[in-house]
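The data below hold one chain only, encoded as structure tokens and taken in the form predicted alone.
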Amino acid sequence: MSAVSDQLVTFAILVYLIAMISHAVEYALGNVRAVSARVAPARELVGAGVGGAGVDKVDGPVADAPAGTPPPTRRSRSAGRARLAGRIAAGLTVLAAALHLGALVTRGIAADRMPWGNMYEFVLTVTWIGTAAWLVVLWKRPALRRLGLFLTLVMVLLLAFAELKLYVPVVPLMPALQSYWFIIHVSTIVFSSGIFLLGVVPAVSFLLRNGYEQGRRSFPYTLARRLPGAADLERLTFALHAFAFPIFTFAVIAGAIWAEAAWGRAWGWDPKETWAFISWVVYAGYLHARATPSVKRNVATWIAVLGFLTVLMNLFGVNFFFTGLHSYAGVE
């Protein structure tokens, strides 16, 4: 079962990669469709004279399509191919999520426990939660499909890093973790972290798209030219964080209760405890800033991005650079 799990992780990474390429194709071909939409109104002005909109008659090449724009038939074909690529990408993401889940299940069977006992398994689970949450968002809001390009990119990078750098063989759960609190505390941490992982994708996308809508045409703002509107991205960012934060709060409280039972103290400023508290403060600050009318939405969103950086620090930095009672990563 352990070998099957390892193979399924590899297959999942490959399928996520193909899904990312398909999303990239949709993203690239979507430019032709956008040009078509901009050209159509200009052509309608030809010979119109001064109308209700107060537009003078347009003559000559000004009303024509930009140089190099494909004819309508080719634009229609490109738009159709873009939609097809997007649907293929969504289907491949579902397949990758199924392979990903299979890897988790077989890993758990091989270990005879929940697959959260080390850093490798934790990353596998968090990324699957992020993907599953994305598929729910995609089902409810198909117009946000182009965000899948960035989501699948994150999945490929994190899973490849986990497989190459974090992998450890299946081992029994150490005695300190053999408690029912293991399921309660770690499951809620994993779930909330997966939602935070998904939430940072529309957060960064909003910052780019908002800059683009404000007229910034330099890199990296041009990457957001074909993303959904900034307002939609910002609302999605808030919804995901507002959903995940209470679960994360419960996870921190459950961890303190477990620490009291296991170590005789609820809080000892262990590195992981400290960074979990930092993450909680930053995310609370984001929600407070988001609810404050005087705080600009881009400022609040930057706080959300900072919150995810603290989560990454807790996941990777603490495990690699610090030692403490939570040193269960299983890697050197």
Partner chain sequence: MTTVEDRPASPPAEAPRRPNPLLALLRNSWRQLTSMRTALILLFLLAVAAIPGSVLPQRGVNPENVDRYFVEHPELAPQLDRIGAFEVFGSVWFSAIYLLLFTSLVGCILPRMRDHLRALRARPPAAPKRLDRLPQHTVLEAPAAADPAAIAAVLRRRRWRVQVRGNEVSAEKGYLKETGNLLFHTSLVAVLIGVALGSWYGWHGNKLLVAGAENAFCNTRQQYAEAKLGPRVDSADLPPFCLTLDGFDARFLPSGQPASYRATVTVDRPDGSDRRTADFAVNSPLRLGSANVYLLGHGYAPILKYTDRYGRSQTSTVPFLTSGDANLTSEGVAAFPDANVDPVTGRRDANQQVAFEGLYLPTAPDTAPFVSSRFPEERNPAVVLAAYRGNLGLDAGIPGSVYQLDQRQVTSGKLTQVGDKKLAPGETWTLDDGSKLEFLGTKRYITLSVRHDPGEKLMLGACVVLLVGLMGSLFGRRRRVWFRVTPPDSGSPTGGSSLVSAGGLPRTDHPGFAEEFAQLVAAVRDDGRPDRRAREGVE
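Residue numbers count along the first chain shown, from 1. Just so it is clear, the structure is predicted and the values come from calculations on it, not from any experiment.
One more form of this protein, predicted in complex with its partner chain, exists but is not displayed; see below.
Quiz prompt | Three-residue site 172, 245 and 265 fully in contact with its partner chain in the model of the complex at 4.5 Å by heavy atom | solution = Verified in the model of the complex; spot residues all in contact, yes.
Quiz item: So which of 81, 87, 226, 235 gets a non-hydrogen atom within 4.5 Å of its partner chain in the model of the complex?
Solution: Comparing distances to its partner chain in the model of the complex, the residue within 4.5 Å is 235.
Quiz item: For the chain shown here without its partner, which stretch in 254-262, 153-161, 96-104, 206-214 has non-hydrogen atoms within 4.5 angstroms of its partner chain in the model of the complex?
Solution: Answer to the contact question: 254-262.
Quiz item: Does residue 274 reach its partner chain in the model of the complex, with heavy atoms at most 4.5 Å apart?
Solution: Close contact exists here: in the model of the complex, residue 274 approaches its partner chain to within 4.5 Å, heavy atoms only.
Quiz item: According to a 4.5 angstroms non-hydrogen atom cut-off, is residue 281 in contact with its partner chain in the model of the complex?
Solution: Result yes; residue 281 sits at the interface with its partner chain in the model of the complex.
Quiz item: Using 4.5 Å between non-hydrogen atoms, is residue 144 touching its partner chain in the model of the complex?
Solution: Residue 144: no contact with its partner chain in the model of the complex.
Quiz item: Heavy atom to heavy atom, is residue 250 within 4.5 Å of its partner chain in the model of the complex?
Solution: It does: once its partner chain is placed as it appears in the model of the complex, residue 250 has a heavy atom within 4.5 Å of it.
Quiz prompt | Neighbours of its partner chain in the model of the complex among 285-301 [non-hydrogen atom within 4.5 angstroms] | solution = Residues within 4.5 Å: 285, 287, 288, 289, 290, 292, 295.
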